[in-house]
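Presented below, as structure tokens, is a lone chain in the form predicted alone.
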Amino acid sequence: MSSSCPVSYPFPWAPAPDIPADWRTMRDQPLLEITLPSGDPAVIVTRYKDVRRLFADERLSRNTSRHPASRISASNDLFGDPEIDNDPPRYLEERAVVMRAFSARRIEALRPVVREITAELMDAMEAGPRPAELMEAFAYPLPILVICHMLGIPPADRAKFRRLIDGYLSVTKLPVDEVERCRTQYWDYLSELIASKRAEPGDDLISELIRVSEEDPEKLTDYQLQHWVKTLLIAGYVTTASQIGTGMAVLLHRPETAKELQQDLSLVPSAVEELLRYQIMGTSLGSLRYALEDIELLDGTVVAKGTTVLLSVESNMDEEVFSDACTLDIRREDNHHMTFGAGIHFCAGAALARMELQEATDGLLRRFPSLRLAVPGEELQRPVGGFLAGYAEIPVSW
């Protein structure tokens, strides 16, 4: 392990659209000591090949509620639920149930719905004042409306659960009592939602999960059911919203690249992948792990048993894997970035997120050929104290 002084993580984004300098230099060490927002120590694995391998390594546990694993936040026990085991074999059994809803066939069947929602949001944005605020007008509502459709949640509830999720994902933004209030209200909201679905099942994912739970309570207990609904709601909304805004901001900060994409919209899928690789909406905090044994990296460096570990999405900047890695290249091929994780912990909703990002990017560039940032990219502000990086606001005009 490195003997250098621990650095604070997440790395600062300044100026906003540029890759943090720490990203460019972290590969000098395969393992970097860091200090989490909680003040607790951890290490971050920096090299792509190590990270990809470790995502599938069962010696790294996702159950970080165990003592003495480090915490992400001092005021919020994020993801540390002792009643939920995120490790195999239990995790794989539950994941298999949930993955039924995210088959390629089901996601493609949902594309016309996403396209229709996208068009309606752009209609409203076009009819509204300029500059428009892209996050509020488009990036937040699109994934909320899609996940409401999938889970069978009344769209009228979206403001409520958006507020509660924002509080639930506070790292340093809110005090302990406010985090706990949001957590309790969020859990109560989900309990009421599931109870209503039990009373009146529909053709939606929550109703399907309830049916599985009732058929085999050992496969999916009531608590696990509620946990998965909570996770799907968070993952299906906030990460996609953040990346829609982040991707467009990065693209519009480079007008020549945006123009190149507008002139050949067949490049949208590869552009979406490159934007996911190049400037992610989040950090590596979501990959928090705990080493159950000593683990040797490819160069012989050892992650000691009992260490809290982050698997770095910043490894997307590994020059050994991605040529000219710090350059945005919307035509990049074989772009196997790590933004959705890998192995058994590859994001269950990745196909849905990709489809929404493609529809959002294609739709905005088609509808608004002169779409541009209404402020210099350097002036865009990152949100402070939350789980995701993203941008707080993205003023745009056309």
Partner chain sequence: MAESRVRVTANSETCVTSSLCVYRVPGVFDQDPEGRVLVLDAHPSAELGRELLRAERGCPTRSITVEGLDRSGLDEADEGTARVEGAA
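All values derive from a computational prediction rather than experimental measurement. Residue numbers count along the first chain shown, from 1.
We do not show the form predicted together with the partner chain, though everything after this point is about it.
When contacts are defined as a non-hydrogen atom within 4.5 Å, all of 56, 107 and 342 contact the partner chain in the predicted complex. Although the partner is absent here, residue 52 lies within 4.5 Å of the partner chain in the predicted complex, judged by heavy atoms.
Contact annotation for residue 228: none of its heavy atoms lies within 4.5 Å of the partner chain in the predicted complex. Contact annotation for residue 95: at least one heavy atom lies within 4.5 Å of the partner chain in the predicted complex. For residue 100, a non-hydrogen atom is located within 4.5 Å of the partner chain in the predicted complex, even though that partner is not displayed.
The partner is absent here, but in the predicted complex a heavy atom of 321, alone among 210, 122, 146, 321, sits within 4.5 Å of the partner chain. Listed stretches are 333-341, 368-376, 36-44, 23-31; the contact stretch with the partner chain in the predicted complex is 333-341, by a heavy atom cutoff of 4.5 Å.
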